[in-house]
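Coming up is one lone chain in structure tokens, specifically the form predicted on its own.
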Amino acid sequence: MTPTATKTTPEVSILKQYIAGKWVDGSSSREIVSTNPADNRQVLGKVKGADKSDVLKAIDAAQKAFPGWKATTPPARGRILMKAALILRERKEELARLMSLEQGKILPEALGEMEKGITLIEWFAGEGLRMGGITQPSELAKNLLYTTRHPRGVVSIITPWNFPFAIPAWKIAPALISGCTVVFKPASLVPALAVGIVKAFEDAGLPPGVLNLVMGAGSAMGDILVEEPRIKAVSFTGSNEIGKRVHTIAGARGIPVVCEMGGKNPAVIWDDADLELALAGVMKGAFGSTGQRCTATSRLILHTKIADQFLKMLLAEVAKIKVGPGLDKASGMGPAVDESQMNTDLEYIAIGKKEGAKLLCGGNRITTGDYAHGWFVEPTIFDGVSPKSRLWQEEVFGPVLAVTRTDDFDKAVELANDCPFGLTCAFYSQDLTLAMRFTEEIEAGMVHLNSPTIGGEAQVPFGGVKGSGVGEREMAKEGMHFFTEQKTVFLDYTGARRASNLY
């Protein structure tokens, strides 16, 4: 069962900080150890963690590099990004294998994440040729009225462990193409993959100091990535607790901040739905990536007429899932990312039982044989979950699905909205009127009709409402606009002509 480390990317051995174009050791006394969540006996790499002094050095480097990167034309920036994308495509297989080992995803999911992240970098590289403002007619004669966009300066990018390539890609690429310089802090659980990302940009010819990597515990770095005066914008993805703190500090400083946080996403299956289509969507949404997605399907609202039939179909499919290591071709679901996340999953399963929900399947840690050395949890489904229960209201971030039933459309929307989060959702029905009503009434940033709650594309915005996010949307032009200041220009060219007549 235990996969070997021999086929991982060579970057695993280069576990150092990247500051001012150099790979250097961190100054913290704490060592970060990257291990395989499918087999915690397997160490993938080690890095001496960064502390506040390292972050300040990274900010210094980014500040010094900013004037030159700002002066680089957007098409020239785009060519560097495109070269990085080509390098990453060449390394796609080895980095996907590394992702499976370090984060736990099954290899097909890791390959899919690599493809998505590379596509995002390619799309933003193209924005180097499309970046610009707008022109508008002026109320004044002989006047040109237009806008331009300019980079904000040094920005900090803080990313989580669940999408260790795609999320950094959709933050770093728009920051760089906009002309900003970056201090990048990934989650401590995925340092090897972060090194692989930065190495690709380095090999693409990105100038020293434009992209800096600091890895270490948040307690060692403190709030400096948000509160340091030279940081002009912050892009964060992570927990609600930390996100709210980031937003509070950035807000007190008056700088732009985007915080993409949690999700408790509902899928509604109506009585006229294509049940096979809905089944495929719920399986991907609830148990893909071990449920460790902010876009995961974690609540299921079934029309009473088809509820029993659909759950019978769903349980049959869940029974086919083989839980195992990411590099095992037979695995359909990988482990939790670490012991802490596994314990959170098990804690919420215990909460569901205590709250009186009916456990339909799963609910246990898998500990047989070599599984005892990994963080494996069975895919779990609860039926009859109360809308006011913790299992319905709180994010688990694991393969735990909460189910309830109704035959009233307004009640279904009420159940879907009765939650602190509002990231994404799904509605399965062949009734266009109901689908459009759902789209209008649901409290979510993204709506999927007859498709899973998961997914996003480079050319459209990503983000949520309520507790799921604050600030601008990510990806698409909105993701790039976050990293720029807009300037409006009023040009009276009659005055320009008169001035030229003086000579």
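Everything numeric here is computed off the predicted structure, so don't read it as measured data. For every residue, the number given is its place in the sequence shown, counted from 1.
Omitted here: the form predicted together with a small molecule. The next part is about that form.
Relative to the small molecule in the predicted complex, residues 165, 289 and 454 are all farther than 4.5 Å at every heavy atom. Comparing 279 to 287, 406 to 414, 243 to 251, 376 to 384 against the small molecule in the predicted complex, the single stretch with non-hydrogen atoms within 4.5 angstroms of it is 243 to 251. The small molecule is not shown here, and in the predicted complex it never comes within 4.5 Å of any heavy atom of residue 344. Looking at residue 355, you'd find every heavy atom of it more than 4.5 angstroms from the small molecule in the predicted complex.
Taking the partner from the other structure, the small molecule in the predicted complex has a heavy atom within 4.5 Å of a heavy atom of residue 161. Heavy atoms of residue 428 never reach within 4.5 Å of the small molecule in the predicted complex, leaving it off the interface.
Here is the short version: of 263, 117, 325, 398, the single residue with a heavy atom within 4.5 Å of the small molecule in the predicted complex is 263.
For the candidate set 203, 223, 272, 317, a heavy atom within 4.5 Å of the small molecule in the predicted complex is found for exactly one residue, namely 223.
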